[in-house]
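So this first bit is one chain, no partners, the form predicted alone, shown in structure tokens.
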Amino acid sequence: MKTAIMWFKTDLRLADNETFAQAIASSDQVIPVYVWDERLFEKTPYGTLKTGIFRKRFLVESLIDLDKRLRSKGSGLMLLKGSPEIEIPKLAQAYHVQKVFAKREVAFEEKQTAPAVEKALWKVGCELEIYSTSTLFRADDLPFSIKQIPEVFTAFRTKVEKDSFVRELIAEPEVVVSPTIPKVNWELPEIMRDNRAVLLFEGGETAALSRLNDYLFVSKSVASYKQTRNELIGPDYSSKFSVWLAQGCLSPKTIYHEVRRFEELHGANDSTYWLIFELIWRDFFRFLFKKHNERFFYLKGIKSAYPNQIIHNEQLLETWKKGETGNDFIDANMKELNATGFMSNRGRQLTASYFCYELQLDWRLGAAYFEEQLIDYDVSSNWGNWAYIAGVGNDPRGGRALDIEKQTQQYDKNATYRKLWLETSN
């Protein structure tokens, strides 16, 4: 009997999961596994946590949902605790597994784990097979090699829109044949819910698909996305899909095809296109991480010269983190982040610009704090965007400070957002 392990990571879904589909197709039985690796919750070199409490809870919720969905198919999710390079080979040996299936990683640190697992698997006569499942476009469908990816987004977007395509969705399995999977006593981290939060984010594919349907076909908010995406308050000024995309509860292809279905039913406009445009931005950063590897974590990023940020001031850093800088718009955004694990795109741009150009701190400290706090943290998007704003990434015009006062007046003219976060309590 052919037995395979499906090693779930940040692809916590059954629908449109090529890795899982391949595992099922090539095996008689599959053992779905998640490895709870404590290294994901350690401190970074910048003194921040790799995973904060909001994302930790969202992750556990996502695992609970995945387990439930697997059990409805006749399987379940096996939880291992420890290092993947130790625990997965042990499991493979115990069940005489021939092959382990997993998603391909693109960021430097995440990419170090797979070779270690593969090496350990060879010792027990097992193979590792990996698939790319987290981008809209497949790398081998791009009109250029990874090394030739344009450094400017517009050039990248124009070329892929013209010469590439989005593959069809892969259906979720109807049945999953597995050995008996023991039930897990899941422990949900306790968090304080803030009633000012834009949305009550719940982890898992079930919640992801519900949000997708609500935003597209119930509220039809996607039809005005381009006009509302820079707003600050409420559930539907933006899609909020990034939260589920980050853990792979939802695939970018699923969003793309559902937007296309919406367009067939209700018509296409600038807003429906703009949502797909944002998915292409997400791809751009992921492919650039494949191209530049660890350089996105250097002070000078992917550039040859260092940025202007030269101050090391712990007190300034703490005032920014706590939302006590004295700039009410920056402070309001940071308080929202700390209280909910989420911040609008406009808020992220402006708080990062303030950090880099007003405080003149090492941009990596800001990126690391976002890594800890954001419920939708994605390594490529977070570090790619921070490098872009700091002038050491892919902005062809170099570092440019945003006019915070002007944008505050533009996006919070009546101070509604600032009052919400600075003058009220939970």
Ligand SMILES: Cc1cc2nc3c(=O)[nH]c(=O)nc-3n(C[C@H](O)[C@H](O)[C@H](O)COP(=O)(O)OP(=O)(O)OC[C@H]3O[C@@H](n4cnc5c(N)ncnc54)[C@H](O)[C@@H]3O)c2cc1C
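The numbering used is simple: start at 1 and walk along the sequence shown. Here the structure is a predicted model, which is why all the values come from computation and not from measurement.
Same protein, other form: the form predicted together with the ligand, not shown, and the subject of what follows.
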Partner proximity in the predicted bound form: Asp378 to the ligand, non-hydrogen atom cutoff 4.5 Å: yes
4.5 Å heavy atom contact, Ser344 to the ligand in the predicted bound form: yes
Exercise: Leu374 in contact with the ligand in the predicted bound form, heavy atom 4.5 Å: yes
Trp281: touches the ligand in the predicted bound form, heavy atom cutoff 4.5 angstroms: yes
Contact stretch among 311-319, 345-353, 85-93, 289-297 - heavy atom within 4.5 Å of the ligand in the predicted bound form: 345-353
Contact residue in the predicted bound form, chosen from Tyr225, Phe156, Phe137, Tyr256 - any heavy atom within 4.5 Å of the ligand: Tyr225
Heavy atom within 4.5 Å of the ligand in the predicted bound form - residue from Thr325, Thr133, Ser238, Ser178: Ser238
Output flag, Leu245, Phe370 and Asn385 jointly within 4.5 Å of the ligand in the predicted bound form, heavy atom basis: yes
